[in-house]
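Here you get one chain, nothing else, as structure tokens; it is the form predicted on its own.
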């Protein structure tokens, strides 16, 4: 159990636990509603880099401490404290955008956002950056930027465009109205909303399921999907063919000899069960 796991990663603003093939990264600024400060962006950048090469972590889950996922950007530390140091503001802004919009999207391991409570503003880009997202039905989401004379800036507007229908994105962006986890599921912001009492176990169950899949096939699944979004049909077919050949090399042809081979021998049914990690 994660409660018994001894943390091996030490960060000022994060808790990181690794067990059963899953790394849980917890934003740990509960007094600030886990808002993203410059230090959070530095810690997340470092944590993702280190976990990338930790073979014990085959799937990552990102959540927040206490009953809050993330209240978005720390307005005081990010916008006000840095307003007179434009070079430092640009440096922090770039980190903030890159780990959510680039690093997570192209991460070689599957990632899941576990939204346990309040999720506002910039936190939407964490949710969108992760491959999958599960939320508590009781969680509260909101794009409150319009309420303080701003707009969903940075990577947030792009996240909305990537995930939501235009009517939904503009409705919540323009009204600033909050909504719950059930609504987040309905509009496609998250895959699933479940009662808060069962959120952690249900999320970890999915995470362990992903961790048990072949890691090279999992990485290829992500890469082929994200790359195909911006490709023509011809380019996507060429990329897919090349990725298939790369997978043969990385796996030692396992998807044919073991994956298809064991199916033909009647050892398992791929439509109903997984071959698992060898």
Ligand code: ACO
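Numbering follows the first chain given and starts at 1. All values reported here derive from a predicted model rather than from experimental measurement.
As for the form predicted in complex with this ligand, it is not shown, yet the points below apply to it.
_Within 4.5 angstroms, counting heavy atoms, which one of the listed stretches 184-192, 128-136, 106-114, 71-79 is next to this ligand in the model of the complex?_
It is the stretch 71-79.
*Would you check, heavy atoms only and a 4.5 Å threshold, whether residue 249 touches this ligand in the model of the complex?*
Residue 249: no, not in contact with this ligand in the model of the complex.
*Heavy atom to heavy atom, is residue 144 within 4.5 Å of this ligand in the model of the complex?*
Because a heavy atom of residue 144 falls inside 4.5 Å of this ligand in the model of the complex, the answer is yes.
*asked:* When the contact criterion is heavy atoms within 4.5 Å, does residue 59 count as touching this ligand in the model of the complex?
replied: No, residue 59 is distant from the partner.
*Going by a heavy atom distance of 4.5 Å, is residue 27 a contact of this ligand in the model of the complex?*
Because no heavy atom of residue 27 falls inside 4.5 Å of this ligand in the model of the complex, the answer is no.
*Quick one: from 213, 243, 52, 32, grab the residue that has a heavy atom within 4.5 Å of this ligand in the model of the complex.*
When this ligand is considered in the model of the complex, the option within 4.5 Å is 32.
*Scan 91-123 and write down, in order along the chain, each residue with a heavy atom lying within 4.5 Å of this ligand in the model of the complex.*
The stretch touches the partner through 118, 120, 121, 122.
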